[in-house]
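The form predicted on its own is given below as one chain in structure tokens.
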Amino acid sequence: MIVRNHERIHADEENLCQKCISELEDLYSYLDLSTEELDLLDMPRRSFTVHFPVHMDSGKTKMFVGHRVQYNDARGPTKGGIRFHPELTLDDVRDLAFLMSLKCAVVNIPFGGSKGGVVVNPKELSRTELERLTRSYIRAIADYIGPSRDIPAPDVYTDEKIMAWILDEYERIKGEHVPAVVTGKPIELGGSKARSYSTSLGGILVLEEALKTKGMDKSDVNIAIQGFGNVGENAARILHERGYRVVAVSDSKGGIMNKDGLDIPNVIKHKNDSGSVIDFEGSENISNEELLTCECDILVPAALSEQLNKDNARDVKAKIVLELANAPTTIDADNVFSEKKIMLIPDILANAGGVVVSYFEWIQNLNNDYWEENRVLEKLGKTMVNSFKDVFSLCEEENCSMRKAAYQLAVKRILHAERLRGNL
């Protein structure tokens, strides 16, 4: 099961990178970028590999390999997650750091993109070994990270507990309190309120702006959500609380549907009790495939990549697709949706709420001024709404897809910063 999970996570992000690169190749040609601009975008500012020892519970010492790539820092210090994964490569890290550069530029926060991690299966480590590994990795890269250089965050198989270890180790090395060195920390150590559901809420805020452009009212729309993990479950919960009608949800075991709307709080309780959403009282069991083509106005893929593809795209009945998952739509499906005039809100914008609130955490840490949840939500709302408007405006102006507009906006912002610095 662990291996399958590794493959699934790895495949999703590989698909995301491939899709991005394919889109960008067309975009670079369309924008008629110079050789200098292409070279600047194609090469990370710095990338490095470290080798470090960890004392294992057996009493032996084992060497581990870690990577970090800081792709572009023209718009600000780099920002990106740390992951622990047995198949991690420097190429993976580089591609994901580039995507983070684009995502930060799309939502117009003053960060560049980075990524890093350790080649390890954390499931094979004890808690004490995991802590020693984390601290050893940070000692190896401490000179290259910091609040004004590169700010790590949680990623695959890392969490707020590991961020707390990173914070503590970095502060021991520097001999001072530096909460802004890492985000995604426990609130008690300087983390930000609303971080746990910020990705879901950010997507919903963008969705609400999309509804306005189409003249659709929430009382008239049915919503289907594929995926009931942290992002999908929080999306369903928030939509329900805001008065939307969620008619279908699914997890890895299958889905459920009720055309009159699901009682989401009780669906969550049912899943917690039974391990799945299926067999929820008052609903009809459906497959994940059936959910994607069910009668709905808004489809929210919040699970795996490539769920919407050439085989089912023409059967999708939704008017809006909100990509909360990474790369849930293939290029073939993108083209079909363009033909059918289905608005697709791309992952690079739709699921950027997490990095936006990470930015807010960084600001709070720097100023030693911690915000109430309402202030975080207000600022998240403004950022996501403005970002949608920027992308949608360019989409209308260029008569292109929302995805292409988002990439174009990001590339232009990065290159503009490079020009201002005199690098172009």
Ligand code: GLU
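Just count from 1 along the sequence shown to find any residue number. Predicted model only: the values in this text are computed from it and were never measured.
Separately, the form predicted in complex with the named molecule exists; it is not shown, and the next lines address it.
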Note: exactly one of 270, 245, 135, 195 sits with a heavy atom within 4.5 Å of the named molecule in the predicted complex, namely 195
From 206, 107, 153, 181: within 4.5 Å of the named molecule in the predicted complex by heavy atoms is 153
Only one of 54-62, 351-359, 32-40, 365-373 has residues with a heavy atom within 4.5 Å of the named molecule in the predicted complex, and that stretch is 351-359
- Each of 93, 94 and 117 near the named molecule in the predicted complex, meaning some heavy atom within 4.5 Å? no
Next on the checklist: Although the partner isn't part of this model, could you tell me whether residue 75 comes within 4.5 Å of the named molecule in the predicted complex, counting any heavy atom of the residue?
Outcome noted: no
Worksheet item: in the predicted complex, does residue 185 have a heavy atom within 4.5 Å of the named molecule?
Response: no
Is there a heavy atom of residue 190 no more than 4.5 Å from a heavy atom of the named molecule in the predicted complex?
no
I'd like to know whether residue 100 contacts the named molecule in the predicted complex, with contact meaning heavy atoms within 4.5 angstroms. yes
Taking the named molecule in the predicted complex and a 4.5 Å non-hydrogen atom cutoff, the residues of 73-87 making contact are 79, 80, 81
